[in-house]
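Just one chain follows, in the form predicted alone, and it is written as C-alpha coordinates.
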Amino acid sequence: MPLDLNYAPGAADEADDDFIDDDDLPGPSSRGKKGGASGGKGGGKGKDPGRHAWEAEYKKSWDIVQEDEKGSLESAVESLLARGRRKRALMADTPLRRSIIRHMFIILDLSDSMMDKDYRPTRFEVILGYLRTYVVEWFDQNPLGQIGIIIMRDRLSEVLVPMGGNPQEILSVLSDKRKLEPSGEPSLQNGLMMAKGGMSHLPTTSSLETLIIFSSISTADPDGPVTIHNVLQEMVDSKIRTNILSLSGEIKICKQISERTNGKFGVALDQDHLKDLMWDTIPPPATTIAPPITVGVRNALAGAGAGQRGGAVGKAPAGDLMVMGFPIQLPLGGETLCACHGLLKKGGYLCPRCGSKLCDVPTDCEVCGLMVVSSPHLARSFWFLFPVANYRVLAIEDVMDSINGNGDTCFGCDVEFPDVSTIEEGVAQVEDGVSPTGRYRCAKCRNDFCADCDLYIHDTLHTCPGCSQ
(Lines give C-alpha, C1' and ligand atoms only; values in the text may rest on other atoms or scores of the structure.)
Protein backbone atom coordinates (compact mmCIF):
# COMPACT_ATOMS: atom_id res chain seq x y z
CA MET A 1 0.00 0.00 0.00
CA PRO A 2 1.68 3.30 -1.04
CA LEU A 3 2.22 5.89 1.62
CA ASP A 4 0.66 9.32 1.40
CA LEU A 5 3.50 11.82 1.30
CA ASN A 6 1.19 14.68 2.40
CA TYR A 7 0.23 12.91 5.60
CA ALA A 8 1.61 14.51 8.80
CA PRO A 9 0.47 13.08 12.18
CA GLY A 10 1.05 16.34 14.05
CA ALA A 11 -0.85 18.41 11.54
CA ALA A 12 -3.71 15.92 11.59
CA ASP A 13 -3.95 16.15 15.37
CA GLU A 14 -4.00 19.95 15.18
CA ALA A 15 -6.72 19.78 12.52
CA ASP A 16 -8.79 17.50 14.75
CA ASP A 17 -8.37 19.91 17.65
CA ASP A 18 -9.45 22.79 15.43
CA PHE A 19 -12.49 20.84 14.31
CA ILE A 20 -13.51 20.12 17.89
CA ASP A 21 -12.96 23.72 18.97
CA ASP A 22 -15.06 25.12 16.11
CA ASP A 23 -18.12 22.91 16.34
CA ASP A 24 -18.34 21.33 19.79
CA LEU A 25 -17.14 24.06 22.13
CA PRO A 26 -19.08 27.30 22.72
CA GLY A 27 -17.74 30.68 21.72
CA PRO A 28 -16.48 32.19 18.46
CA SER A 29 -14.67 30.20 15.83
CA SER A 30 -10.97 29.60 16.51
CA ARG A 31 -10.03 29.50 12.83
CA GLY A 32 -10.29 33.25 12.51
CA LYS A 33 -7.83 33.73 15.40
CA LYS A 34 -5.16 31.56 13.77
CA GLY A 35 -5.06 33.62 10.61
CA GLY A 36 -6.35 30.93 8.30
CA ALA A 37 -8.10 31.40 4.99
CA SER A 38 -11.51 31.85 6.55
CA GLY A 39 -10.15 34.18 9.20
CA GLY A 40 -8.47 36.33 6.56
CA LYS A 41 -11.74 36.77 4.67
CA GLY A 42 -14.01 37.29 7.64
CA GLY A 43 -11.75 39.25 9.97
CA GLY A 44 -10.94 42.65 8.52
CA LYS A 45 -10.45 46.02 10.07
CA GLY A 46 -13.30 46.96 12.37
CA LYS A 47 -14.76 43.44 12.34
CA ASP A 48 -14.77 40.60 14.81
CA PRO A 49 -11.87 38.32 13.79
CA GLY A 50 -13.57 35.35 15.42
CA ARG A 51 -16.66 35.47 13.16
CA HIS A 52 -17.18 34.93 9.48
CA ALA A 53 -18.44 37.75 7.28
CA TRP A 54 -21.81 36.13 6.65
CA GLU A 55 -22.38 35.61 10.38
CA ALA A 56 -22.42 39.36 10.98
CA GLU A 57 -25.51 39.76 8.77
CA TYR A 58 -27.77 37.87 11.18
CA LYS A 59 -28.91 38.97 14.60
CA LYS A 60 -29.23 36.47 17.40
CA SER A 61 -32.74 36.52 18.81
CA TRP A 62 -31.51 35.36 22.23
CA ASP A 63 -29.33 38.47 22.45
CA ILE A 64 -32.23 40.80 21.62
CA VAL A 65 -34.68 39.37 24.18
CA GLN A 66 -33.67 40.36 27.71
CA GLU A 67 -35.28 39.74 31.04
CA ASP A 68 -36.80 42.49 33.13
CA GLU A 69 -36.23 43.11 36.85
CA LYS A 70 -38.67 40.36 37.80
CA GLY A 71 -36.93 37.81 35.58
CA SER A 72 -39.84 37.65 33.13
CA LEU A 73 -39.73 37.81 29.32
CA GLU A 74 -43.25 39.20 29.02
CA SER A 75 -42.16 42.79 28.50
CA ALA A 76 -39.60 41.80 25.86
CA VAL A 77 -42.16 39.73 23.94
CA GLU A 78 -44.69 42.55 24.06
CA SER A 79 -42.05 44.94 22.74
CA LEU A 80 -41.31 42.65 19.77
CA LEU A 81 -45.02 42.31 19.00
CA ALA A 82 -45.49 46.07 19.23
CA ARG A 83 -42.66 46.64 16.77
CA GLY A 84 -44.26 44.25 14.31
CA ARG A 85 -47.66 45.91 14.61
CA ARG A 86 -46.19 49.38 14.29
CA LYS A 87 -44.23 48.38 11.20
CA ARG A 88 -47.47 47.33 9.51
CA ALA A 89 -49.21 50.54 10.56
CA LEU A 90 -46.43 52.81 9.26
CA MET A 91 -47.47 52.69 5.63
CA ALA A 92 -46.87 55.40 3.09
CA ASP A 93 -49.53 58.07 3.66
CA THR A 94 -48.66 60.08 0.54
CA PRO A 95 -51.51 60.07 -2.02
CA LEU A 96 -50.39 58.20 -5.13
CA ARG A 97 -52.00 57.34 -8.41
CA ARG A 98 -53.28 53.79 -8.03
CA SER A 99 -55.52 51.56 -10.10
CA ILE A 100 -58.74 50.73 -8.29
CA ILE A 101 -59.61 48.01 -10.83
CA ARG A 102 -57.11 45.15 -10.73
CA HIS A 103 -56.90 41.88 -12.62
CA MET A 104 -54.45 39.34 -11.23
CA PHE A 105 -53.45 35.80 -12.14
CA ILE A 106 -51.88 33.77 -9.32
CA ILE A 107 -49.47 31.32 -10.97
CA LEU A 108 -48.81 28.48 -8.54
CA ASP A 109 -45.87 26.10 -8.86
CA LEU A 110 -47.12 22.55 -8.20
CA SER A 111 -43.92 20.66 -8.97
CA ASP A 112 -42.39 17.92 -6.84
CA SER A 113 -40.42 20.54 -4.92
CA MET A 114 -43.66 21.64 -3.22
CA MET A 115 -43.50 18.47 -1.12
CA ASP A 116 -40.27 19.56 0.59
CA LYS A 117 -40.53 19.71 4.36
CA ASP A 118 -38.48 22.81 5.08
CA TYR A 119 -41.86 24.47 5.78
CA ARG A 120 -43.87 22.38 8.22
CA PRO A 121 -45.59 20.14 7.38
CA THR A 122 -44.79 20.77 3.68
CA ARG A 123 -44.51 23.74 1.35
CA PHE A 124 -47.74 22.63 -0.31
CA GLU A 125 -49.78 22.77 2.90
CA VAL A 126 -48.33 26.13 3.96
CA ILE A 127 -48.96 27.77 0.58
CA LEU A 128 -52.55 26.52 0.40
CA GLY A 129 -53.28 27.81 3.88
CA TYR A 130 -51.82 31.21 3.07
CA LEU A 131 -53.64 31.41 -0.26
CA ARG A 132 -57.05 30.90 1.35
CA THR A 133 -56.44 33.80 3.72
CA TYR A 134 -54.77 35.86 1.01
CA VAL A 135 -57.74 35.66 -1.36
CA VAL A 136 -60.20 36.82 1.32
CA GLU A 137 -57.96 39.73 2.34
CA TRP A 138 -57.23 40.69 -1.28
CA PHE A 139 -60.91 40.97 -2.19
CA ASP A 140 -61.62 42.88 1.01
CA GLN A 141 -59.03 45.51 0.10
CA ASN A 142 -59.74 45.43 -3.66
CA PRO A 143 -63.50 44.91 -4.07
CA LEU A 144 -63.46 45.80 -7.78
CA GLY A 145 -60.63 43.41 -8.63
CA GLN A 146 -60.67 39.93 -10.14
CA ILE A 147 -58.40 36.94 -9.54
CA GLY A 148 -57.62 33.83 -11.55
CA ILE A 149 -55.38 30.88 -10.67
CA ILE A 150 -52.98 29.04 -13.00
CA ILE A 151 -51.04 25.96 -11.91
CA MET A 152 -47.74 24.67 -13.32
CA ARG A 153 -46.86 20.97 -13.16
CA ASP A 154 -45.59 18.21 -15.46
CA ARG A 155 -44.06 20.92 -17.70
CA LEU A 156 -47.58 22.16 -18.52
CA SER A 157 -49.82 24.96 -17.30
CA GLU A 158 -53.53 24.81 -16.60
CA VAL A 159 -56.16 27.40 -15.69
CA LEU A 160 -57.49 26.18 -12.38
CA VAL A 161 -59.85 29.12 -11.77
CA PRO A 162 -60.76 31.56 -14.57
CA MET A 163 -60.63 35.28 -13.96
CA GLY A 164 -63.51 36.26 -11.71
CA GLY A 165 -64.57 38.36 -8.74
CA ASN A 166 -66.19 35.70 -6.56
CA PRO A 167 -63.85 34.72 -3.67
CA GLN A 168 -66.09 31.84 -2.57
CA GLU A 169 -65.60 30.09 -5.89
CA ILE A 170 -61.82 30.39 -5.56
CA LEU A 171 -61.86 29.11 -1.98
CA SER A 172 -63.95 26.09 -2.95
CA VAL A 173 -61.41 25.13 -5.61
CA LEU A 174 -58.45 25.62 -3.26
CA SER A 175 -60.08 23.37 -0.66
CA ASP A 176 -60.11 20.39 -3.08
CA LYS A 177 -56.60 18.95 -2.72
CA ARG A 178 -57.23 16.14 -5.19
CA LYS A 179 -56.98 18.64 -8.06
CA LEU A 180 -53.80 20.16 -6.63
CA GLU A 181 -51.45 17.22 -6.26
CA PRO A 182 -47.85 18.30 -7.03
CA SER A 183 -46.00 16.35 -9.72
CA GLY A 184 -43.24 16.77 -12.30
CA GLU A 185 -41.43 20.00 -13.09
CA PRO A 186 -42.79 23.52 -13.68
CA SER A 187 -42.71 25.48 -16.93
CA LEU A 188 -42.47 29.19 -16.28
CA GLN A 189 -42.80 30.01 -19.97
CA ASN A 190 -46.11 28.17 -20.34
CA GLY A 191 -47.47 29.81 -17.20
CA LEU A 192 -46.64 33.31 -18.41
CA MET A 193 -48.05 32.64 -21.87
CA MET A 194 -51.33 31.39 -20.42
CA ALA A 195 -51.58 34.40 -18.09
CA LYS A 196 -50.92 36.78 -20.98
CA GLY A 197 -53.57 35.06 -23.11
CA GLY A 198 -56.10 35.35 -20.29
CA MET A 199 -55.49 39.11 -20.04
CA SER A 200 -55.40 39.95 -23.74
CA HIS A 201 -59.07 41.02 -23.82
CA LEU A 202 -58.89 43.25 -20.73
CA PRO A 203 -58.83 47.06 -21.11
CA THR A 204 -55.68 49.06 -20.50
CA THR A 205 -57.41 51.19 -17.87
CA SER A 206 -57.16 48.38 -15.32
CA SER A 207 -54.02 47.11 -13.62
CA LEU A 208 -52.80 43.80 -15.10
CA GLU A 209 -50.72 41.76 -12.66
CA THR A 210 -49.42 38.26 -12.03
CA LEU A 211 -48.22 36.76 -8.76
CA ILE A 212 -45.94 33.75 -9.21
CA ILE A 213 -45.21 31.49 -6.23
CA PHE A 214 -42.18 29.55 -7.45
CA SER A 215 -40.85 26.60 -5.50
CA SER A 216 -38.43 24.92 -7.90
CA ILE A 217 -34.88 26.02 -8.70
CA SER A 218 -35.28 25.54 -12.46
CA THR A 219 -37.90 25.75 -15.20
CA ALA A 220 -38.51 23.13 -17.90
CA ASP A 221 -39.60 25.21 -20.89
CA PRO A 222 -40.53 23.72 -24.30
CA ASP A 223 -38.09 23.73 -27.22
CA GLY A 224 -38.94 25.86 -30.22
CA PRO A 225 -38.47 29.27 -31.80
CA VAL A 226 -40.34 31.00 -28.95
CA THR A 227 -38.29 31.24 -25.76
CA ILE A 228 -39.02 32.64 -22.34
CA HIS A 229 -37.21 35.85 -23.30
CA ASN A 230 -39.68 36.40 -26.14
CA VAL A 231 -42.56 35.88 -23.72
CA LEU A 232 -40.92 38.35 -21.32
CA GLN A 233 -40.80 41.00 -24.04
CA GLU A 234 -44.50 40.42 -24.75
CA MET A 235 -45.27 40.86 -21.06
CA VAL A 236 -43.38 44.15 -21.05
CA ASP A 237 -45.22 45.36 -24.16
CA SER A 238 -48.58 44.39 -22.63
CA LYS A 239 -47.68 46.21 -19.37
CA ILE A 240 -48.34 43.16 -17.20
CA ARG A 241 -46.68 43.60 -13.83
CA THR A 242 -45.14 40.36 -12.52
CA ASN A 243 -44.36 39.69 -8.86
CA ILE A 244 -42.40 36.53 -8.07
CA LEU A 245 -41.94 34.92 -4.65
CA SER A 246 -39.31 32.19 -4.54
CA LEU A 247 -39.28 29.52 -1.87
CA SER A 248 -35.85 28.08 -2.73
CA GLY A 249 -33.48 30.92 -3.58
CA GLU A 250 -32.70 33.75 -5.95
CA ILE A 251 -33.12 32.69 -9.59
CA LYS A 252 -31.73 34.92 -12.30
CA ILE A 253 -34.57 34.58 -14.82
CA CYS A 254 -37.20 35.20 -12.11
CA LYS A 255 -35.45 38.34 -10.92
CA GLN A 256 -35.05 39.54 -14.50
CA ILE A 257 -38.75 39.06 -15.21
CA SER A 258 -39.74 41.05 -12.11
CA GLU A 259 -37.35 43.89 -12.80
CA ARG A 260 -38.33 44.35 -16.44
CA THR A 261 -42.06 44.31 -15.69
CA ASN A 262 -41.77 46.75 -12.72
CA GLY A 263 -42.69 44.00 -10.29
CA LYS A 264 -41.17 42.75 -7.06
CA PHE A 265 -38.98 39.71 -6.51
CA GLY A 266 -38.50 38.22 -3.07
CA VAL A 267 -37.00 35.12 -1.50
CA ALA A 268 -38.84 33.81 1.55
CA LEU A 269 -36.56 33.18 4.52
CA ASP A 270 -39.20 31.49 6.65
CA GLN A 271 -42.97 31.16 6.91
CA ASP A 272 -43.49 34.56 8.52
CA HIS A 273 -41.36 36.25 5.88
CA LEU A 274 -43.31 34.45 3.16
CA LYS A 275 -46.57 35.79 4.56
CA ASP A 276 -45.17 39.32 4.69
CA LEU A 277 -44.06 39.09 1.05
CA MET A 278 -47.48 37.86 -0.04
CA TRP A 279 -49.35 40.50 1.94
CA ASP A 280 -47.20 43.26 0.44
CA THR A 281 -48.91 42.60 -2.91
CA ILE A 282 -52.41 43.26 -1.53
CA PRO A 283 -52.33 47.09 -1.77
CA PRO A 284 -52.75 48.37 -5.33
CA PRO A 285 -49.41 49.19 -6.97
CA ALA A 286 -48.55 52.81 -7.57
CA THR A 287 -48.75 54.02 -11.16
CA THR A 288 -45.63 56.10 -11.69
CA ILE A 289 -46.45 57.32 -15.22
CA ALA A 290 -49.88 58.78 -15.92
CA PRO A 291 -51.47 58.03 -19.29
CA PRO A 292 -51.16 60.92 -21.76
CA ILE A 293 -54.93 60.96 -22.25
CA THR A 294 -55.56 61.79 -18.61
CA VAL A 295 -52.95 64.53 -18.59
CA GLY A 296 -54.46 66.09 -21.73
CA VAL A 297 -57.96 65.98 -20.26
CA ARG A 298 -56.87 67.74 -17.07
CA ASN A 299 -55.03 70.48 -18.94
CA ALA A 300 -57.88 71.01 -21.36
CA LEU A 301 -60.48 71.14 -18.60
CA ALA A 302 -58.42 73.69 -16.72
CA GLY A 303 -58.02 75.77 -19.88
CA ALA A 304 -61.71 75.45 -20.73
CA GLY A 305 -62.69 76.69 -17.30
CA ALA A 306 -60.46 79.73 -17.66
CA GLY A 307 -61.81 80.37 -21.17
CA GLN A 308 -65.39 80.26 -19.95
CA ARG A 309 -64.66 82.84 -17.27
CA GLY A 310 -63.09 85.07 -19.90
CA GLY A 311 -66.01 84.77 -22.25
CA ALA A 312 -64.70 82.15 -24.68
CA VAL A 313 -66.12 78.67 -24.51
CA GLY A 314 -63.48 75.95 -24.72
CA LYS A 315 -64.25 72.37 -25.72
CA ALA A 316 -62.84 69.64 -23.49
CA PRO A 317 -61.66 66.45 -25.19
CA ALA A 318 -63.13 63.03 -24.51
CA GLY A 319 -61.80 61.62 -21.27
CA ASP A 320 -60.70 58.07 -20.46
CA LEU A 321 -63.93 57.26 -18.66
CA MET A 322 -65.12 53.78 -17.76
CA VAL A 323 -68.67 52.55 -18.21
CA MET A 324 -70.11 50.85 -15.13
CA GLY A 325 -73.58 49.71 -14.21
CA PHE A 326 -75.30 49.35 -10.84
CA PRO A 327 -77.46 46.21 -10.80
CA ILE A 328 -80.86 45.47 -9.32
CA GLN A 329 -80.82 42.83 -6.60
CA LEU A 330 -83.38 40.05 -6.97
CA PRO A 331 -85.28 38.62 -3.97
CA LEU A 332 -84.66 35.07 -2.79
CA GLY A 333 -87.69 33.65 -4.52
CA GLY A 334 -87.88 30.98 -7.18
CA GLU A 335 -84.90 29.65 -9.08
CA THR A 336 -84.01 31.24 -12.39
CA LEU A 337 -81.31 30.62 -14.97
CA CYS A 338 -78.17 32.75 -14.61
CA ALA A 339 -76.21 33.99 -17.60
CA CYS A 340 -72.75 33.50 -16.06
CA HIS A 341 -72.90 29.76 -15.21
CA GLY A 342 -76.08 28.56 -16.93
CA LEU A 343 -77.45 27.10 -13.68
CA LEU A 344 -80.70 27.50 -11.77
CA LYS A 345 -80.03 29.62 -8.69
CA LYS A 346 -82.04 31.68 -6.23
CA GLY A 347 -81.56 35.42 -5.97
CA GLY A 348 -78.89 37.25 -7.90
CA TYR A 349 -78.63 40.56 -9.75
CA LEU A 350 -80.02 42.01 -12.98
CA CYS A 351 -77.73 43.74 -15.46
CA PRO A 352 -78.97 47.33 -15.94
CA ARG A 353 -78.18 47.26 -19.68
CA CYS A 354 -79.44 43.93 -21.01
CA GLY A 355 -81.41 42.55 -18.04
CA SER A 356 -79.44 39.30 -17.77
CA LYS A 357 -79.22 37.58 -14.40
CA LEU A 358 -75.84 37.53 -12.66
CA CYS A 359 -74.90 35.47 -9.62
CA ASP A 360 -72.59 37.92 -7.90
CA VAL A 361 -71.00 41.35 -8.31
CA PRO A 362 -68.58 42.84 -9.19
CA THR A 363 -68.33 41.05 -12.50
CA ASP A 364 -68.54 41.56 -16.25
CA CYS A 365 -71.85 40.74 -17.86
CA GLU A 366 -71.53 37.67 -20.09
CA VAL A 367 -74.10 39.01 -22.55
CA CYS A 368 -73.30 42.71 -23.08
CA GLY A 369 -69.85 42.96 -21.45
CA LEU A 370 -70.83 45.75 -19.05
CA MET A 371 -68.88 45.97 -15.79
CA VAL A 372 -71.47 45.55 -13.04
CA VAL A 373 -70.53 46.85 -9.59
CA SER A 374 -72.29 47.94 -6.43
CA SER A 375 -71.98 51.35 -4.82
CA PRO A 376 -70.34 50.05 -1.57
CA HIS A 377 -67.65 48.33 -3.64
CA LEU A 378 -66.97 51.52 -5.53
CA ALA A 379 -66.74 53.56 -2.32
CA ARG A 380 -64.36 51.10 -0.66
CA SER A 381 -62.02 51.20 -3.65
CA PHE A 382 -60.89 54.73 -2.77
CA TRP A 383 -59.23 53.69 0.49
CA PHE A 384 -55.73 53.61 -0.91
CA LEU A 385 -56.20 56.79 -2.91
CA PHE A 386 -56.75 58.80 0.28
CA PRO A 387 -54.92 56.95 3.07
CA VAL A 388 -55.09 57.91 6.74
CA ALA A 389 -52.03 59.89 7.80
CA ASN A 390 -49.65 58.10 10.14
CA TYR A 391 -50.21 58.88 13.81
CA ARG A 392 -47.48 60.63 15.74
CA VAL A 393 -45.64 58.68 18.42
CA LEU A 394 -45.95 60.31 21.83
CA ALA A 395 -43.02 60.26 24.23
CA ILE A 396 -43.24 60.93 27.95
CA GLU A 397 -42.47 64.61 27.49
CA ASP A 398 -45.33 64.99 25.01
CA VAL A 399 -47.79 63.36 27.38
CA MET A 400 -46.67 65.46 30.35
CA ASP A 401 -47.01 68.68 28.35
CA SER A 402 -50.40 67.76 26.87
CA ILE A 403 -53.66 69.02 28.30
CA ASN A 404 -55.27 65.58 28.43
CA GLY A 405 -53.29 64.39 31.45
CA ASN A 406 -52.15 60.94 32.46
CA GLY A 407 -55.47 59.18 33.15
CA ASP A 408 -56.81 59.34 29.58
CA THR A 409 -58.31 56.45 27.69
CA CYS A 410 -58.03 55.41 24.07
CA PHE A 411 -60.44 57.31 21.85
CA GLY A 412 -61.18 54.16 19.85
CA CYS A 413 -61.60 51.31 22.34
CA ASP A 414 -61.81 53.28 25.64
CA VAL A 415 -58.94 51.36 27.23
CA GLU A 416 -56.92 53.24 29.82
CA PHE A 417 -53.37 54.20 28.94
CA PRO A 418 -50.54 53.25 31.33
CA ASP A 419 -49.60 55.81 33.93
CA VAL A 420 -46.60 57.84 32.84
CA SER A 421 -45.17 58.01 36.35
CA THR A 422 -44.75 54.23 36.48
CA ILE A 423 -42.68 54.04 33.29
CA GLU A 424 -38.97 53.60 33.91
CA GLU A 425 -36.52 56.06 32.45
CA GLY A 426 -34.46 53.37 30.77
CA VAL A 427 -37.33 52.19 28.56
CA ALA A 428 -38.82 55.62 27.96
CA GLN A 429 -37.20 56.09 24.56
CA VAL A 430 -38.98 55.87 21.23
CA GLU A 431 -37.51 52.95 19.25
CA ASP A 432 -38.68 51.61 15.87
CA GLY A 433 -41.72 53.89 15.98
CA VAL A 434 -43.06 52.30 19.18
CA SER A 435 -44.33 54.69 21.83
CA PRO A 436 -43.23 53.92 25.41
CA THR A 437 -46.47 55.50 26.64
CA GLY A 438 -48.65 53.42 24.32
CA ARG A 439 -50.16 56.53 22.74
CA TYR A 440 -50.40 57.51 19.08
CA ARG A 441 -51.97 60.87 18.24
CA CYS A 442 -53.76 61.99 15.11
CA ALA A 443 -52.40 65.29 13.80
CA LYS A 444 -55.84 66.56 12.70
CA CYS A 445 -58.27 65.69 15.49
CA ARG A 446 -55.60 65.55 18.26
CA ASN A 447 -57.06 62.34 19.70
CA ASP A 448 -54.91 59.59 21.20
CA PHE A 449 -55.19 55.93 20.21
CA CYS A 450 -53.59 52.73 21.46
CA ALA A 451 -51.37 50.49 19.34
CA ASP A 452 -54.16 48.05 18.50
CA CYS A 453 -56.50 50.80 17.36
CA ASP A 454 -53.68 52.39 15.36
CA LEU A 455 -53.17 49.15 13.45
CA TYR A 456 -56.90 48.58 13.00
CA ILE A 457 -57.50 52.10 11.65
CA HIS A 458 -54.64 52.00 9.13
CA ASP A 459 -55.01 48.37 8.11
CA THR A 460 -58.75 47.69 8.14
CA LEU A 461 -60.93 50.72 8.85
CA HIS A 462 -59.04 53.27 6.69
CA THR A 463 -60.90 56.11 8.42
CA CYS A 464 -59.94 58.02 11.54
CA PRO A 465 -62.85 57.90 14.05
CA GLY A 466 -61.93 61.32 15.47
CA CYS A 467 -61.72 63.08 12.13
CA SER A 468 -64.97 61.54 10.87
CA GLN A 469 -66.90 63.11 13.71
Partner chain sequence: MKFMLGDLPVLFPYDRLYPEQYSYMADLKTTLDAGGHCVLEMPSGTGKTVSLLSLIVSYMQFYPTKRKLIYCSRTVPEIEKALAELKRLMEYRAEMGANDGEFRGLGLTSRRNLCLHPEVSKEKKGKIVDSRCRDLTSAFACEKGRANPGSVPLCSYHEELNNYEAGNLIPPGIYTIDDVKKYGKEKGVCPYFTIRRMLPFLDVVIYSFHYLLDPKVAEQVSAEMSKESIVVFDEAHNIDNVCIESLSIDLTRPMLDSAARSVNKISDKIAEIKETDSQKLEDEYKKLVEGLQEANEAREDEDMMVSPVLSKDMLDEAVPGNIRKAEHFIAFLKRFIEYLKTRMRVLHVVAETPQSFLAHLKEITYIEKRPLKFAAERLTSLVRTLELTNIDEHYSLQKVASFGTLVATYEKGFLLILEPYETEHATVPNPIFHFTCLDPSLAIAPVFERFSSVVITSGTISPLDMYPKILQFRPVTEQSYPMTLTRNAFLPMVITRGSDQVPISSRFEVRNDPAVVRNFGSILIDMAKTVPDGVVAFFPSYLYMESIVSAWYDMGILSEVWKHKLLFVETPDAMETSIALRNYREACNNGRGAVMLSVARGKVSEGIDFDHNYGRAVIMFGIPYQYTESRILKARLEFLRDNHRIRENDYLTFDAMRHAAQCVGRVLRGKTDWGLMVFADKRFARTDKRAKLPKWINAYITEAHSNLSTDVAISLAKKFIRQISQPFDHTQTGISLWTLEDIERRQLQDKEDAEKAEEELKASTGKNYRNGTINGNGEGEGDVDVDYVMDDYEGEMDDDELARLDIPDDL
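Numbering follows the first chain given and starts at 1. Please read all numbers here as calculations on a predicted model, not as lab measurements.
Quick note: we don't show the form predicted in complex with the partner chain, though the next part is all about it.
Next item on the list: Spell it out for me: taking the partner chain in the predicted complex, does every residue among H229, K252 and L269 have a heavy atom no farther than 4.5 Å from it?
Entry: Yes: each residue has a heavy atom within 4.5 Å of the partner.
Item checked: Options 110 to 118, 196 to 204, 160 to 168, 233 to 241; stretch whose heavy atom lies within 4.5 Å of the partner chain in the predicted complex -> So the stretch in question is 110 to 118.
Next item on the list: Find the only residue in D221, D154, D398, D364 having a heavy atom within 4.5 Å of the partner chain in the predicted complex.
Entry: Checking each option against the partner chain in the predicted complex, the one that comes within 4.5 Å is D221.
Check: So which of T281, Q146, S248, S258 reaches within 4.5 angstroms of the partner chain in the predicted complex, heavy atom to heavy atom?
Finding: Exactly one residue meets the criterion: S248.
Notebook entry, point to check: Wondering, does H273 line up within 4.5 Å of the partner chain in the predicted complex on heavy atoms?
Noted result: Yes - in the predicted complex, heavy atoms of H273 and the partner chain come within 4.5 Å of each other.
Notebook entry, point to check: With the partner left out of view, is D360 within 4.5 angstroms of the partner chain in the predicted complex by any non-hydrogen atom?
Noted result: Taking the distances in the predicted complex, the answer for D360 is no, it never comes within 4.5 Å of the partner chain.
Check: Is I217 close enough to touch the partner chain in the predicted complex, meaning at least one heavy atom pair within 4.5 Å?
Finding: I217 belongs to the contact set for the partner chain.
Checklist line | Interface residues of 178 to 198 toward the partner chain, as seen in the predicted complex [heavy atoms, 4.5 Å] | finding: Heavy-atom contacts within 4.5 Å come from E185 alone.
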